[in-house]
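Take a look at this one chain, the form predicted on its own, written out in structure tokens.
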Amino acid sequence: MNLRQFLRADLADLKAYHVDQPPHRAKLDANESPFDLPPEIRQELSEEIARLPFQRYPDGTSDLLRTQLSERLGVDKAELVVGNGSDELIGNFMLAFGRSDACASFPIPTFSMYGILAQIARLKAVGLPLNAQFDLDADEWMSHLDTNRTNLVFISYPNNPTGNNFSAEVIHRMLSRPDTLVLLDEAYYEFSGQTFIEGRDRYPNLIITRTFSKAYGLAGLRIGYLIARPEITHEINKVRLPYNLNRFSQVAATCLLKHHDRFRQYIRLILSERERVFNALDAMGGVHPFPTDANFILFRTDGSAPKVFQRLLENGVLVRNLDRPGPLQNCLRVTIGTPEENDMFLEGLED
């Protein structure tokens, strides 16, 4: 049988998302938290899990988790949808609002999944280059949005991989358009402290996604949530798969929300280390770091980035090699780790 006769021609060139994981001692390539769960929280979680009826389906609406989130965020429970990572929720949003005349737009460079998910959803997808300051070009964006009848805009805030928050003025202009829905991916909100969440009443076309993968250190459990007006969450729930968030993940996220102050300690340490690493890179010859609002730093090297990447790997430090023609040429990205991991990275880079 020739399977090609059944395949979608528009996905022929799509490659599965893959990241190499060569042997290493310090993993600083994926913007994860360097801190695992504290022993006392692990114990509490273990006791909760021991009481779970695993033969039963989980709560299909994640009601308890949504209740805890609504209290934490100060939003109505009807404004929340939780999912198997924020990626799933972004994909659900595209499925719910991806009309045949819609255009999915995003800056480049940015998080690669916006383009991948748009292609899967059969959406027209357009990437608009950032300016020399890695910011949004207001005139270019407004002109582009004018050419489409229905716009779905995806903004990483702060942006991955550049690390900066884009101009709030440009985003407000996007949100002021009646032909545009704007999804702000605030995966790194806890490290930037900047959010558009207060704009929900003013902008009915605003959608925000966040995750437990970064500041809360639950990347291994894949838990994300979406915040939007009830009329938007109602449509997203139509395409969301039933029981999309397993019982274990629901319990873990609910447990961690009760210990929010403990994770604020981790965030403060990461921010302190971010400043230390940035200053060290800035003082290092042949290395040019870019200002960041996230838990990672993008930097450019005067020499070959692939060679720098390989030398760091030989020293046991894994970072992300982003080198490609254009604005990311000779660029690498390093996640802020523990003080010991950051020392390994800086020492390896100096060598």
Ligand SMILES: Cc1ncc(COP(=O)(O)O)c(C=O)c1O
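Quick note: we count residues from 1 along the sequence shown, nothing fancier. Please read these numbers as outputs of a predicted model, since none were measured by experiment.
Omitted from view is the form predicted together with the ligand, to which the following refers.
Remark: of stretches 101 to 109, 184 to 192, 127 to 135, 255 to 263, the one touching the ligand in the predicted complex is 184 to 192 (heavy atom within 4.5 Å).
A heavy atom within 4.5 Å of the ligand in the predicted complex is found for one listed residue only; from N92, N151, T233, T211, this is T211. With the partner omitted from this view, the residue of N160, T180, Q119, S167 that lies near the ligand in the predicted complex is N160 [heavy atom within 4.5 Å]. Proximity of Q250 to the ligand in the predicted complex: non-hydrogen atoms within 4.5 Å are absent; the residue sits far from the partner. Although the partner is absent here, R276 lies well away from the ligand in the predicted complex, with no heavy atom inside 4.5 Å. Interface membership of F196, defined by any non-hydrogen atom within 4.5 Å of the ligand in the predicted complex, is ruled out.
Contact check for K77: every heavy atom lies farther than 4.5 Å from the ligand in the predicted complex. If you take 59 to 91 and check each residue for a heavy atom within 4.5 Å of the ligand in the predicted complex, you get G85, S86, D87, in sequence order.
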